[in-house]
Structures are given as structure tokens and as C-alpha cells.
Ligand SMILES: Nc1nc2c(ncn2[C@@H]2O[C@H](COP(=O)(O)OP(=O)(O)OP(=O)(O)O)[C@@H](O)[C@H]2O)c(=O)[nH]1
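Here you get one chain, nothing else, as C-alpha cells; it is the form predicted on its own.
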């Protein structure tokens, strides 16, 4: 267990968390790795650190290539309400699907491995947009360097908010799903929904350690979580706990050894197989690999199932739209704040402007979370999708 890390290693980890540039992070992570004792309890942590060091080295190499104007860039800046990474094996139909979902115009070809670099596009859902990124194809062994772009693609997946696995129904679909899930797991990316989740946020506005329990701790207490953070000298940190969580889950969230990503499985090219076969594949994937998987059966050629994808992505992104309103204004802003589901008025205020917290008086809320229109609420009020919020402060004009 990483809780057995010596003080020297914890100090090195803190240095990594405080690093701002890739160069600083790489140096700090290399020092942290050298300070981790070798025993069974640290195997996963050491494996994660090795992967992260490799990713940082690739990132720095990519920066050099971008400066010189040569090479292929894999860096995609996030846009929209959430970033969705489209993963699949070659000839799964990712490029055609991206064209159908977004404004992007990737090259569509029968030649394997046509896509050589990530291609982004914007997908609309009601009044918001999701960024969908098509990645180069993965193969078995990608996480271990079977292809030069494999670890870079998996790095994109780790950074994304939602993963979309595109499976070709005409070519051993279950085998494709098995390979993709295994590669992601090897890279420390879990697609199986956990019993709970832990969000760790660092901020200069937080003094000491703040623990928000929105779920249940198993075999430990809030004090145990606090001691874990104190042992690592992690201050200025907020930890939010949802669902059922163990102390080990909290630790994994702190050390980032494993990350959960919600996943949509797209079974593509349904026009080339029977409905019964497609349904059986969906059932087998849930039974054998991902019990809680969201599955869409599509045919880009016939336009079947494609329109279901934005709605499912919105559900998987686990976000809510909250609309702000100026005091005495009849209408809210047309552009919503995008917050994680379970967010509070405090989260919304910080999103608008963090220093507003110290001037906060109360908020008025209209919408699904309000008991009545214009309900007065405090910072701990949990917001829901479609809420309208009006912030009142102790200082006029703020």
C-alpha cells in the first residue's frame, strides 16, 4: 500500500503536485520514483509512475517538434462541455462516424491506419457542444509500445472526460472490445463503474484540508482520510467523496494510479449484420467485460443510431447545466455553467469567480433543485441540470 511510503517519498510527491511545467513535473516525478520503496504494495504505483514519466518525455519531445514545425502533434486542447476520445481498431469506421457527429472532415478511406493524428470536431447536444476527438487506431500491445503512437493515444484517453469505443460488427467485435479494454486497463484506465468516486481539488482559496462527504466511507472515518492527507503534507486540498469509498480508493485518487472513465460502446456497421447478431454482441460485452456499459448500435451508412449518441454522452459526462441570472434581470444567461453532477452553489460561485466566496450572502434558485421558484439557499445547496441561479453578495456591484 502506498500509505507505507516514507516521509522522503511523500515530500517528493508533494513537489510533483506543486510543479507547473512538464519539465518540472518530469524532474519531480523521477525523484519521487527513486524514493518509492520496492515491495508488493507499491507495484501499481511504480508502474503508474513509469508510464507517467514516459508520457511526460513524449510531451516534451512533441513540444520540440511543434517549435521546429516538424513531426505529428498529439496535443488537443479541450473545448466544449466535455472531451470525448474516440478509440477503436483500424477500419472500425471512426472517421465516418466523426463526420456524421461533428463539423470535422477527416479523410475516410478503405486503407488501414489512414488516421495518423488526432482529429477533433464539435458535436451539438441541445444548447451545448461536446468535443469529439478521433484517435489513430490502437492494436494489441499498444500500451506496451507495439506501435509508436499507442501510449500517446492512451495518454489522450487518460485526459479525456468520456471514452467512446467504436467496434466494427463485421470483424470479431467481441475480440476487438476485449483488446481495447485490456489496453486501457494496462494504461491504468478503468471502464468499470466503481462503487464510488473521489474528487481531489487543490486551490489557494482552501485553507488546510476540506473533506466533503456526499457518500459513505467503508472501514474508515473522515479522520482517517484527514490523517492520510496530513501524512503526505497535502494542504490546500478539497476531497469530495461520492458513493461507497474505501481509504484505498481515496489514496488511488491522490496518487492517480488508476482513473475511471465513463464509456460509450458504439457497435458500428450494423447495416452489414443482422439485428439479432448486433444485439447478441451488445449482450456479450455487458456480460463478459463491462456490465454497466452504455451501448449504441449504429450504421453511419443508413444513419441508424447516430442521433442517440449525443444524449448518451451527456448522461455519461455526468454534468449539469446551470444558468446564471443577474439580480432583477428577467432572463438568465443563454450560455450555461457546466458543472459535475452533485456540484453545489459553492462550486458554481467558484466557477464564476473564486474570490466571490468571501463576499457571498445567499443565492436564489429556480429550477429542478428548488423547493419553490426563487428559493433562498446557501453554499451547500446541491444544483441540478436546468437550474437558474442568482448570486447575492455583501458588496454592491460584485
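In this text, all values refer to a predicted model and were calculated from it rather than measured experimentally. Residue numbers count along the first chain shown, from 1.
The same protein has a further form, the form predicted together with the ligand, not shown here; the description that follows concerns it.
Although the partner is absent from the chain shown here, 95, 107 and 272 each have a heavy atom within 4.5 Å of the ligand in the predicted bound form. Site annotation in the predicted bound form: the residue of 299, 151, 83, 102 reaching within 4.5 Å of the ligand with a heavy atom is 299. The contact residue chosen from 145, 327, 112, 208 relative to the ligand in the predicted bound form is 112, the criterion being a non-hydrogen atom within 4.5 angstroms. The candidate stretches are 313 to 321, 157 to 165, 131 to 139, 219 to 227, and the one lying within 4.5 Å of the ligand in the predicted bound form by heavy atoms is 131 to 139. Although the partner is absent from this view, residue 89 contacts the ligand in the predicted bound form, with a non-hydrogen atom inside 4.5 angstroms. The ligand is not drawn, but in the predicted bound form it has a heavy atom within 4.5 Å of residue 268.
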